[in-house]
Each structure stands twice: as structure tokens, then as C-alpha cells.
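Quick heads-up: it's one chain on its own, the form predicted alone, in C-alpha cells.
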């Protein structure tokens, strides 16, 4: 059985690793869909699809997960009635979808796909929003993400990018 886990992974963090491990106990293979893959260089979506793919692949390898997964960038189509078929056109077949997003769950359940809310791991701390906030404020964030993500963020100067994006042209 193959399951689909969709998220923006901005950035991929230890909570995501926890979810991937839990999902892999239920399915033989996992498709990790990088949602909103076309978005980058914004405060909410600072990292590119390629950077997120590197974060995920390197983090999974670092955690001993070296097979049984596919990582697929999924661009938005901005038309909910077409989105599920768009996702299906980009991915191998799957029988379950794992998402905490209400709209994603609704769209897949309406076409008869089994949908499960993945178990969250300390969601208040392990969230992209919190990690990006800490990056902006100069607070420690590295302990919330796998070491592989720290390396990617440093390689692409992600913290500097985020802080630059937060600047305004107001005096």
C-alpha cells in the first residue's frame, strides 16, 4: 500500500520526520508531496522546491530512511475542482492521503480516497511558522530541525534570505 503525505515543509523539521516514520508503519511506500512548489522567497514560503527536496531527502537519509519513498514537488493549480486530478497526474498511485489541512482532506475524501490526519508531534514547537519566527528574531532554531536541514539552510543562506525578505522600504 502507498500513502501520500502533503505539506509545504517550510522548512522540513523534526515533527515531519516523526510523521514520516509513523506513516511508514502503516504503508509500504510514502509519497511526500511538496505542496505549493512554485512558491519561494516569501516570508511564509522562503525556500524553493529544490531546497525543500534536499532538506527532505537528506533528513530521511540521516534518519535511516533510504528507500520506500518518493519526493514530488506539486505546484498549485488554483482550482480546487482540478487539484486532486493534478496531484494524481504527478504521483504514483496511492490509496491513502495523510494531511492536517482541512481543504486537502475534504478534496480527497470527496473523490473517495481514504484520508487520515497524521499524528502531530509537539505542534506548538515543531512548526514551520515557529521556526521561521525564530530565524527572523535571531533565536535558536537549529534544534527543531534535522542537522541536514541546518546544512541546507546555511548553504542557501536561508536565514539571511528570510531576514532580507522581512525588511520594508519604510524608514
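This is a predicted model, so every value here is computed, not measured. Residue numbers count along the first chain shown, from 1.
Heads up, the form predicted in complex with a small molecule isn't pictured, but that's what we're talking about next.
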| item | value |
| --- | --- |
| Stretch in contact, per heavy atom within 4.5 angstroms of the small molecule in the predicted complex, of 24-32, 115-123, 134-142, 65-73 | 115-123 |
| 4.5 Å heavy atom contact with the small molecule in the predicted complex for all of 3, 92 and 97 | no |
| Contact flag, residue 129 vs the small molecule in the predicted complex, heavy atom cut 4.5 Å | yes |
| Touches the small molecule in the predicted complex: residue 158 (any heavy atom, 4.5 Å) | no |
| Contact test in the predicted complex: residue 162 vs the small molecule, heavy atoms, 4.5 Å | no |
| Contact of residue 19 with the small molecule in the predicted complex (heavy atom, 4.5 Å) | yes |
